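The chain below stands alone, shown as C-alpha cells; this is the form predicted on its own.
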C-alpha cells in the first residue's frame, strides 16, 4: 500500500483530500503545517506529498525547500495545492521543482489526473494493493518454514515458498503485505529475489541471515530490507520483525487485525513491538468501542512474548487498560514473566486486571 502525506492548515481541505484519495487505495497521513509534515515525511518517507502553498508556522515554499535539501526525502514527488490559478503563481510553483499543482477548490477528475502522474491510475493502484493480513516466507529449508509457520500463524495468514522463483509466482497470486526471504538460497538468492519482488508491488521485506554474518546483514539493509533476523530465530523475534515491516506499508486499521485475535469467543490483543503499538493505539481504541457495542465485556491482553517492557510499552499499555476500562471491558493480562508482571502491577490502570499464565486461563478467569 502506498502512502500519501497531505500538509495543509485546513482540516476541511485535509478531509477533502483524504476522500479524493480513496479511489487510489492509499494510506493517508495528515499534517497541519510544514514542520509537522517534515517530521512525518522523514519518519515514513511517503510516495507522494500534497503540499499547501499558504500556511502559518512554515509555508509551502519553505517546506519544499527543506524537503529538497534533505537527502532522505529530497526525491519524494510533491504536488502543490494553491488557491490561486494565475500565471505568476504557476510559474513560481514550476520553478520550485514540483511534480504538479492543483487549484483549490478542485474537482475529482482534476485531482485524479494530477495524482495519477505519480501513483498511476486508480485502477492500477487497486490492482497493486497488498493483503495486510498475509505474510510470505521464502526459504529452501522445510524446517525453517515449519518454525516460521508456528511463529506467525496466530497473527497472520502464512504462505511459503522454497525458492525465489516460487516466491515470485506466489506473490503475483496473493500479494502478501510482508515477505520474509532467506538471503542464502541457491539459484536465486535473497538479493535477487528482493529486486524482482519490488517490481511487483510495495510490501514490507524481512531478511533471514545466518546469525553473526554482519556483512550480509548490512548489505541486506542497504538493499531495501526493512529488518534482518538471524537464524536460528526465536518465534517472537520473527513476529516482531514482520509486524514492524508491515507497519511501514500497511494502514493501522489493517495492521491491528494482525494483533487482534480470539480465544474461544474472547477477544485477544497480542502486544506488538513498541514502535508498532504506539501507531496502533488510536485504531485500538476504535476497536475497543466496537467490541463493547457488539456486546463483548472481556479482553485478554497477551504480553507473553515480551521478555522486558520498554518505557514506550508501559505508557501504551497504561493507555490501553484505561481505554478498556472506559468502555466497560474486564481485562486479563497473559504472561509468565515475573519482571513484566511486577512492572505492570505498579500501574494504577492495571489495578482491576486479572493475571494468567496462558490465554485459556485468562479467558477462564474473566
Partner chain sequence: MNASTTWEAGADPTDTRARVAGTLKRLSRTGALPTLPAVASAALALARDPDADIDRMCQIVRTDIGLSARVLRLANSAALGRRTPARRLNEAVVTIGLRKTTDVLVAACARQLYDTGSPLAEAQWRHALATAVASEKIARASRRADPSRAFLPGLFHDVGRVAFLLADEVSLRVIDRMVDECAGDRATLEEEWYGFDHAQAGAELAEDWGLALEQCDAIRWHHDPGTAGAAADLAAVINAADGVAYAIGQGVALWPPESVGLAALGLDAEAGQKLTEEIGEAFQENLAVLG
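We call the rigid core whatever largest set of C-alpha positions still superposes within 1.5 Å between the two forms. Numbering follows the first chain given and starts at 1. Quantities reported herein were computed from a predicted structural model and do not represent experimental measurements.
Another form, the form predicted in complex with its partner chain, is not on view; read the next lines as being about it.
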- Within 4.5 Å of its partner chain in the predicted complex, do 338, 354 and 361 each have at least one heavy atom? no
- Message: Whether residue 200 contacts its partner chain in the predicted complex should be assessed with a 4.5 Å heavy atom distance threshold; does it?
- Response: no
- Task: Report yes if any heavy atom of residue 104 sits within 4.5 Å of a heavy atom of its partner chain in the predicted complex; otherwise report no.
- Result: yes
- Touches its partner chain in the predicted complex: residue 13 (any heavy atom, 4.5 Å): yes
- Query: Looking in the predicted complex, any heavy atom of residue 345 within 4.5 Å of its partner chain?
  - Reply: no
- Item | Which of 96 to 104, 219 to 227, 177 to 185, 129 to 137 lines the interface with its partner chain in the predicted complex (heavy atom within 4.5 Å) | 96 to 104
- Message: On a rigid core superposition, would residue 101 pass a 2 Å threshold for CA movement between the shown form and the other one?
- Response: yes
- Tell me, please, whether between the shown form and the other one the C-alpha of residue 19 is shifted by 2 Å or more, with the rigid core used for superposition. yes
- Item | C-alpha of residue 30 moved at least 2 Å between the shown form and the other one on rigid core | yes
